[in-house]
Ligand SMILES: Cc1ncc(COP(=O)(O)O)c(C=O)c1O
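In the form predicted alone, a lone chain appears below as structure tokens.
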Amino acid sequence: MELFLDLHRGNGAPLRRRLERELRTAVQQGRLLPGVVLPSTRSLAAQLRVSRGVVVEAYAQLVAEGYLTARQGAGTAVAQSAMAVGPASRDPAPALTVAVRYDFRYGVPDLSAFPRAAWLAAGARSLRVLPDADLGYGDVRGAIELRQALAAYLGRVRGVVADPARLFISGGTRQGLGLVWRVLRDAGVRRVAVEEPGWPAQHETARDAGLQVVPVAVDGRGLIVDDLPALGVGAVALTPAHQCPTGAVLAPERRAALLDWARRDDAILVEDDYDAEYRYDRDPVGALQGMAPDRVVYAGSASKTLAPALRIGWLLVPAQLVEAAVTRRMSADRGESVPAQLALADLISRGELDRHLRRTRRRYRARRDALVSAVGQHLPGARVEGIAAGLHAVLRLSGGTDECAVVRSAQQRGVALDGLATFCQLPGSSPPALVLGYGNVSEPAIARGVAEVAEACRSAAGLRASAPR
């Protein structure tokens, strides 16, 4: 193994010091990553044309400083706790990372539950009958087999009006939103409303498409529709089934008012059917699209139901936007992996997706119950908000809590989570809260992790109390 090290810099210093400096800098700048195994002392000495003793002493010093680790039979490697400090850092010591013990980041399903055997069987079946011609460039909307399967599935379980000709397969919801915004911009839309707080991709993709983004507040009944007429927007992005992140459901009277406004102002609604598959104490609500197919772009993905790594999403667009969406898609790319689309189509058609959802619903409900119980035990001053649905919950903190300090303190304890401020465009627009994803955390780990969050809250409160006034 070779290393690029320049021992000519600082010729006045002893060779050992120069070697220490070069290795230390390589770790600090991220050129040598955690876990990388270094050459043996004999090999590196030969590469650098120095005595082996110089390398032995340099390695020993950096092991003592925590940059390297050395184990008998395993050689010398960059320590897992060492990471780049970046060029702007004034601290010559490496930043130390804390291993994530409890991962409460939102939006991640139980990755161990992915139906590997069913997916492999579906892929094998679909490839065996795939004509050679279908391995070429196909329809930019996606494989017709998946579009037909999705149209039937979405009509059955979500109440949408789904014509396969109006379905587009995307590389996830974010990519789909990027396409939608560009199509709408071509159609003359210049301003778009997004939820506040809301999924960051809503406003990020809209801004990337050159649109002006206007935040609209949400409350316990979803998007505040009465605020829309004064905003002069041509489109609204929202998550009506399970608002991201607050967990609210758009109230029936607001659904009706929203559709009335869209028809009256000739506006388009972009519905992200976020977490619609997971309801634990109530019947599911139908999609907005089924009430107004000519006014709603419907977006969904397999990221929560199966796994984010599949990178399969879909868009169901109104008839008047299909031609423009095809043109835009052709100018961007030629679509997603056909074998993956065919595997998902087979999974849906054979009922495997329905069976998978029934299994995971039971698992996620138990995990949400474990989260609520742990919060009641360890954080009696906080409350869980949002309906019993989806893969995350909002933990509202007591007034005056420093949300950022809690998040930092939790990270130092090995707990990964998001503060509600991450979802806000306007600083201070929401009271302090944490967004806790429980989909990929076992029930025992949820209890232990919430106990650590409670400690983080107490630590942040202590720092606040001791701060000079």
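All figures in this text were calculated on a predicted structure; none of them were measured in a lab. Just count from 1 along the sequence shown to find any residue number.
One more form of this protein, predicted together with the named molecule, exists but is not displayed; see below.
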property: In the predicted bound form, segment of 257-265, 354-362, 167-175, 372-380 with a heavy atom within 4.5 Å of the named molecule; result: 167-175
property: Candidate from 102, 181, 278, 274 lying within 4.5 Å of the named molecule in the predicted bound form - any heavy atom; result: 274
property: Residue (of 185, 295, 311, 125) lying close to the named molecule in the predicted bound form, criterion heavy atoms within 4.5 Å; result: 311
property: All of 199, 239 and 301 within 4.5 Å of the named molecule in the predicted bound form, heavy atom check; result: yes
property: The named molecule contact in the predicted bound form: residue 107, any heavy atom under 4.5 Å; result: yes
property: In the predicted bound form, residue 244 touching the named molecule (heavy atom, 4.5 Å); result: yes
